[in-house]
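Only one chain is given next, in structure tokens, and it is the form predicted alone.
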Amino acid sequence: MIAQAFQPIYTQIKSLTKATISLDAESVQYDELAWVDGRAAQVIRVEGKEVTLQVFSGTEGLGTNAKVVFSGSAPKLRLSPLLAGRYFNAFGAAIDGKEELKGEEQDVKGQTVNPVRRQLPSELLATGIAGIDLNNTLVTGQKIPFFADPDQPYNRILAEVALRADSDRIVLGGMGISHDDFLMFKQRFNASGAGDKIVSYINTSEDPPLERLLIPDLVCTTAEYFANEKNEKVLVLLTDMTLFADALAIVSNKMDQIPSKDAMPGSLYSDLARIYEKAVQFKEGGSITIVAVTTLNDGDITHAIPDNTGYITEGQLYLKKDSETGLTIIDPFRSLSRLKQNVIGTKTREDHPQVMNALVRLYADAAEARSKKENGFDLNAYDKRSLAFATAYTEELLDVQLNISIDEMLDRGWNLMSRFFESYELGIRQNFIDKYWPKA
């Protein structure tokens, strides 16, 4: 960020909180960047001449005579194909030791795509993870979160999704991630050879929390460039949206705004929707698909952050540690992709819907048998077969570490059902059984 020449310097601050300052200033615009004694800040409210700024690193040590200089513009980002393979901070400055980019400057935080240019999402986005591709199939242009407890390996799984996904470009936004996770992303991307198609904007846990608020706009602006200008299939990965929302709450609370549910700002829904609604399938062929992580507090999905997220997005993917095998899986019961019907059985093999439904129903039978066992009831032969099936289903299909094609997932599903059940127990149409039942 470089201030424009001849910008006036203000030295009369009217009020300070731990995160914001207010002063009178002329010709200042909402979202404009500024410096307060050299600290980066951004305008978050303009009421007549009175301007309020959020100071990203906090206001500790500032006095009412601190020097305030406005940049004259809202955040901008240089866009070019040379973004690929690069790492940047929340201000779009390079953090990978390479030179700063040259290219066309564009305003960050653009408008949502005109509905006229949108197309119904109908292109398969495969990830190699059966809990997604088989049970909760994704399509390009979809927006969906991972709901995960903080102790689950959600960033590792997000990295796997990035490397396996059938996409032209990946744009990663890290908000409050640990330095270890940052290194993990870099190492996995570089080792895979896919690093040259990934653009990353990173705010670590060591950086000022308020800088997280800039990350999603940088990510979405970059994604729109590649999807709109280059007609590419872009996958956006955001982690962790809970930490993004917490930063919103910090600013809201320091401005003495009345909090809404769970101490979140009343604008939480619109703040989240503005990001997620960037997901789009363009008629011209490019697309933006958004997969984000929302960490839960003790698994509480009624908290304002996951609750609002669920209304905005088209489903959710619940990460879960399987109690029997200890493996991390995507919960077949609580997960949902509302757009999977657009592709399963048409863009995937014809037996996909029937196999998916049969496997989940049998897994539910196993859950019921496990409950019977835990409550001291006797198990019948079918219950015992269901429990054995559930273990094999978890180890051979649901384990997120597995990386297989959708056709192989379906073949494994048929094999699992034939090992533990008779064909008449499946509830699958006979013509599919005749065609796909494993031959002895």
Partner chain sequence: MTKGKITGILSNLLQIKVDGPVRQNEICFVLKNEQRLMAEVIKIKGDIAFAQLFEAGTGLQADDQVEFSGELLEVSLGPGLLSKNFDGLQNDLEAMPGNFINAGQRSEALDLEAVYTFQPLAQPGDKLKAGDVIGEVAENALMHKIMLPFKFEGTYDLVELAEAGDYNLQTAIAQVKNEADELLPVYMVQKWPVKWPIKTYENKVRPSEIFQTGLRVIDTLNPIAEGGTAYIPGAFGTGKTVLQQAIAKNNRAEVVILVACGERANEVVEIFHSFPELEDLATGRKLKDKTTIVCNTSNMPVAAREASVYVGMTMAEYYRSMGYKVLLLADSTSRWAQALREMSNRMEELPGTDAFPVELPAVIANFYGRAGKVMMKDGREGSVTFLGTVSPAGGNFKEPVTESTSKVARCFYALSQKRADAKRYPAIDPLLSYSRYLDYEEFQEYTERSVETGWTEKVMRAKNLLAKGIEARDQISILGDDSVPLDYHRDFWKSELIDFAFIQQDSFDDTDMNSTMERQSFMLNRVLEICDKKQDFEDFSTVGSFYKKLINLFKQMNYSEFRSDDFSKFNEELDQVFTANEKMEAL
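Between two forms, the rigid core is the largest collection of C-alphas that superpose within 1.5 Å. Residue numbers count along the first chain shown, from 1. Nothing here was measured: the structure is a model prediction, and the numbers come from that model.
Keep in mind that the form predicted together with its partner chain is not shown, yet the notes after this line are about it.
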{"property": "Option touching its partner chain, based on a heavy atom within 4.5 Å in the predicted bound form, out of 131, 176, 195, 306", "result": "306"}
{"property": "In the predicted bound form, the residue from 325, 89, 228, 205 that sits within 4.5 Å of its partner chain by heavy atoms", "result": "228"}
{"property": "Which of 117-125, 77-85, 166-174, 197-205 lines the interface with its partner chain in the predicted bound form (heavy atom within 4.5 Å)", "result": "117-125"}
{"property": "4.5 Å heavy atom contact with its partner chain in the predicted bound form for all of 267, 314 and 380", "result": "yes"}
{"property": "Exercise: residue 160 in contact with its partner chain in the predicted bound form, heavy atom 4.5 Å", "result": "no"}
{"property": "Interface membership of residue 258, its partner chain in the predicted bound form, 4.5 Å heavy atom rule", "result": "yes"}
{"property": "Residue 302, heavy atom within 4.5 angstroms of its partner chain in the predicted bound form", "result": "yes"}
{"property": "Non-hydrogen atom contact residue 141 with its partner chain in the predicted bound form at 4.5 angstroms", "result": "yes"}
{"property": "Members of 332-365 lying within 4.5 angstroms of its partner chain, judged by heavy atom, in the predicted bound form", "result": "332, 333, 334, 336, 338, 339, 341, 342, 354, 357, 360, 361"}
{"property": "Large Cα move at residue 19 between this form and the one not shown, threshold 2 Å, rigid core", "result": "no"}
{"property": "Did residue 366 shift 2 Å or more between this form and the one not shown, C-alpha, core superposed", "result": "yes"}
{"property": "Residue shift check between this form and the one not shown, rigid core fit, residue 386 Cα at least 2 Å", "result": "yes"}
